[in-house]
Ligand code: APR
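Just the one chain here, the form predicted alone, laid out as structure tokens.
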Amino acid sequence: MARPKVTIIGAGMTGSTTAHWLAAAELADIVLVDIVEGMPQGKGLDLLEAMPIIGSDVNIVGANDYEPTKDSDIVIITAGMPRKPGMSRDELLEVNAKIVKTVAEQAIQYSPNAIFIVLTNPLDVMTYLTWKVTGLPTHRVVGQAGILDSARMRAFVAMELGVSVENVHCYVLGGHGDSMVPLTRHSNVAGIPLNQILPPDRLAAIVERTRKGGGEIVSLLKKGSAFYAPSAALAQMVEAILKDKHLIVPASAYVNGEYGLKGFFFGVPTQLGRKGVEKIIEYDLNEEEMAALKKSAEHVQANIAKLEEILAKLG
């Protein structure tokens, strides 16, 4: 039986680190695609030469064209400009829209049956763009955001309380940006809700640090943005899909009435399996949580309106 095939478009730090996680887990053969000549080929070869050491039999190739991506099971889009210190994700909208539109148009030609996972910022808008460009059914397009945001929150809670990260379960919904919605009432440590185990001021500080988590790393790195945690989150999504795990994670999925929202991609609890998005789980939210989610949704919808203007100009 042929091994699954995963294409990663964008072989920068996030793309190549995603390839690293996937290869180490022996999940799929991997194609790294980038416009920079020699770079994906060099990274692919370097990673391939590590496989005998870790005992993984996957094949890894790098390319500057899309021919080697033919018949991929999953296509991951990480291509785009990263944030610079002080920038919001929204400021990347126009430049990354052009990039994502181009790569999605080319990738779908070679892999019409693939599931597309999007990482490029602004995340929810680029996921919507990928769906629109590819013409795929909504269940085969999904964006990675909530896993990363929730993982950051889990790390901060574990550090605060001195417990294992495995005991911490956090759920961050909404758009991938400053308006994201960490659900402190639904998040817990070994079953104890966060709002019962942490003082209000410490919990508020963790929520704020979660919202600014990406920006904190951007400001520390000076050049580029986070790549270890985002790529680990992508690998988790790939594993859930290829192994048909029916795993429920926060992800950017197409809402069609859930939470009273409709017609765009947004961070919600999403069940992932071999067909992609299997269903969206609806939590029982109180008025305050729902208001925050609606506010986040309005922000995403405003950016989608800007995207439509950009697409009209591009023709």
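Counting begins at 1, following the sequence as shown. None of these values were measured; they are calculated from a predicted model.
The discussion below concerns the form predicted together with adenosine-5-diphosphoribose, not included here.
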- Query: For the chain shown here without its partner, which stretch in 116-124, 179-187, 165-173, 206-214 has non-hydrogen atoms within 4.5 angstroms of adenosine-5-diphosphoribose in the predicted complex?
  - Reply: 116-124
- Partner contact for M13 in the predicted complex: adenosine-5-diphosphoribose, 4.5 angstroms, heavy atom: yes
- Query: Is there any non-hydrogen atom of I99 lying within 4.5 Å of adenosine-5-diphosphoribose in the predicted complex?
  - Reply: yes
- Check whether D34 has any heavy atom within 4.5 Å of a heavy atom of adenosine-5-diphosphoribose in the predicted complex, and answer yes or no. yes
- Taking 4.5 angstroms as the cut-off for heavy atoms, does S111 touch adenosine-5-diphosphoribose in the predicted complex? no
- Of V61, M39, M290, L247, which one comes within 4.5 Å of adenosine-5-diphosphoribose in the predicted complex, counting heavy atoms only? M39
- Task: Would you kindly say which of A151, A235, L198, L92 lies with a heavy atom within 4.5 Å of adenosine-5-diphosphoribose in the predicted complex?
- Result: L92
- Item | Contact set, 254-290 vs adenosine-5-diphosphoribose in the predicted complex - heavy atom within 4.5 angstroms | none
